[in-house]
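Just one chain follows, in the form predicted alone, and it is written as structure tokens.
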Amino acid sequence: MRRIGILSVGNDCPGLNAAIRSAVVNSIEFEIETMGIKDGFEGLMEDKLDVLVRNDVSGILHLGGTILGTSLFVPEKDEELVEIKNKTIQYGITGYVILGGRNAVRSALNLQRYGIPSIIVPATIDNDLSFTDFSIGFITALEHVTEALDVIHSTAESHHRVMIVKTMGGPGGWLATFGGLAGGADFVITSSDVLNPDELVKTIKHRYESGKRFSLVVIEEGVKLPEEIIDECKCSYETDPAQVIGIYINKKLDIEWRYTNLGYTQRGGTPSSMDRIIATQMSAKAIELVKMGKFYHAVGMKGFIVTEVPYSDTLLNVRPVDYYIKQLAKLFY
């Protein structure tokens, strides 16, 4: 009987449990045994793994996070990879199903150098992996951003303020751009574009002059602001860019502003129906590849079709938001 190890590498996201559930159920169908590895590759090195059966994954479809836990640890050193290879042999593991984003990809490529088979299932709210249109967790996180903007909209309008909302999702810009488009943002700032300060000021000024005496500005974490803004605000490069933008707007337009960091509220919570379906589909495909002995592939989605891409360094490329979507969002500023 074949045996796989399933684990998460990197940050958690909604839908991971749906992916684990699908992997276990489909493995049973193909007579493949599944070892659930707790806390990523750190857990494997500490022998924190158990066989998963159907009862173990019953009732977890709707749960956020991951029942297996996760870790940001990426095995890179020779001694770490040798130890993982030894653990793979010790537990009779045929290969790994690795759930995660860029850290998962790095881990899989490092394992490949040591002949340790794996398959990647993309799971990250950033949604910026080059080999898939959708990553597990993105759609749920997008809903959280949209709901937050809906809530903040009312207080912005009531107090005639500029409300600045910081999202995760850098550097691809997907969460900020799509969240801003769905939540009615009046300006979006991402890492994938160079901010034009004049355009920002002109947009907000026009809204106030036309009777819309409030604005919602969405900014992605990790944005690098132009030097002229930082210098004019007398801020340092360590100052949160969202706060710098607020100071800059106040300096230029004398408008009151407030700042909200959505933080970890974007990554948690019950996965949306679409994230559950995407996770179920991609994990099922991963197990099909295991059955065929077709390792060293990343599973992805093109539209709603499940795809597979062989391992290469290009899997680490960042996929920025489509130009068309950016332009579409700007129409509503």
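Computed from a predicted model, the values in this text were never measured in an experiment. Counting begins at 1, following the sequence as shown.
Same protein, other form: the form predicted in complex with 6-O-phosphono-beta-D-fructofuranose (F6P), not shown, and the subject of what follows.
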Review point. Out of the stretches listed (182 to 190, 204 to 212, 231 to 239, 118 to 126), which one is close to 6-O-phosphono-beta-D-fructofuranose (F6P) in the predicted bound form, meaning heavy atoms within 4.5 Å?
Key: 118 to 126
Exercise for review: Identify which of 168, 74, 255, 216 has a heavy atom within 4.5 Å of 6-O-phosphono-beta-D-fructofuranose (F6P) in the predicted bound form; exactly one of them does.
Suggested key: 168
**Study point:** Position in contact with 6-O-phosphono-beta-D-fructofuranose (F6P) when the complex is considered in the predicted bound form, options 297, 285, 38, 267, heavy atoms within 4.5 Å
**Key:** 267
Check your understanding: Does residue 221 reach 6-O-phosphono-beta-D-fructofuranose (F6P) in the predicted bound form, with heavy atoms at most 4.5 Å apart?
Key -> yes
Check your understanding: Quick one: which residues from 1 to 32 get a non-hydrogen atom within 4.5 Å of 6-O-phosphono-beta-D-fructofuranose (F6P) in the predicted bound form?
Key -> 11
